[in-house]
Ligand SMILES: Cc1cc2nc3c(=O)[nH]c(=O)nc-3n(C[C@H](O)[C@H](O)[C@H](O)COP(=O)(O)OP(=O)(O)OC[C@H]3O[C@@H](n4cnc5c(N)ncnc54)[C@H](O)[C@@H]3O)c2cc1C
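What follows is a single chain, given as structure tokens, in the form predicted on its own.
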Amino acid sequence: MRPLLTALLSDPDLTTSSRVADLTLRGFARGGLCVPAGGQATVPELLAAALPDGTVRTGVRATSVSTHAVATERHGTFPCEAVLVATGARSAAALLPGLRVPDFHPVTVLHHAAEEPVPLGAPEPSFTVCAGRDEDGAEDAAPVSHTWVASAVDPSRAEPGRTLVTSVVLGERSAEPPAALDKAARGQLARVYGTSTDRWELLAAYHDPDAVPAMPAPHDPCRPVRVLSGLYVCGEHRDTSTPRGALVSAERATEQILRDFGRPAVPGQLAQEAAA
């Protein structure tokens, strides 16, 4: 179970609260894993498309917030009735001084392009967990925690005739230079997929030192989303460090705003399921 939990929690040392680990395993068993068709940017694009024209403004940097205004770097001050800060933990704390900033699990994502339609020997296009230890039980020098053929799951992620393989490196090794990680990963990926990786092209290596907020015990999966009346915050750092946790916290924040302003609020399905 250790390699699977490491991959699901992005936590090589497994310091995560056992309660969170149980919730994560249950979610994995019930629903598996998924990625948005067309790439991660598709999700906010779909959300924005459902709103009236002019509702969403991009390229605007907020510098401070209050219950009645949002000050920006180059676009003046926007008056409002309430503010919901929906960002990562560090950005939220910069706008809301005093907000707790957790530790983080760093992550690097490697994207390789292969000319073959599907790497030979790949049994399935889905999520493959790498053991993290060699045949003698010692720590494996190979860096990849888990990998999948992304273009087999979502063909729009690769050019015609090419295959996109996405792999994830966790922990301290994720901070190594991309060239070093690429070199170390190729032999491991060759074993996983049963084919030579010599001709694979490294398209990109994305490193995020604050990728996943840590959730050591005791972890509160329902941190307050109401700073005060008119000022709210949501994100995975208020719930569990997963996309689902971010959505649940946003739902809780929305319900709190509606209650504070005397609007009818329907109890959130996501929050109910998470607590069940």
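Numbering starts at 1 and follows the sequence shown. Remember, predicted model here, so these are calculated numbers, not experimental data.
Although not depicted, the form predicted in complex with this ligand is the subject of the following passage.
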| property | result |
| --- | --- |
| Non-hydrogen atom contact residue 55 with this ligand in the predicted complex at 4.5 angstroms | no |
| In the predicted complex, residue 84 touching this ligand (heavy atom, 4.5 Å) | no |
| Heavy atom of residue 80 within 4.5 Å of this ligand in the predicted complex | no |
| Residue 243 within 4.5 Å of this ligand in the predicted complex, heavy atoms | yes |
| Residue (of 211, 222, 227, 214) lying close to this ligand in the predicted complex, criterion heavy atoms within 4.5 Å | 211 |
| Among the candidates 153, 99, 202, 107, the residue which, in the predicted complex, approaches this ligand to within 4.5 Å (heavy atoms) | 107 |
| Site check 60, 95 and 235: each within 4.5 Å of this ligand in the predicted complex by heavy atom | yes |
| Residues in 33-56 with any heavy atom within 4.5 Å of this ligand in the predicted complex | 34, 35, 40 |
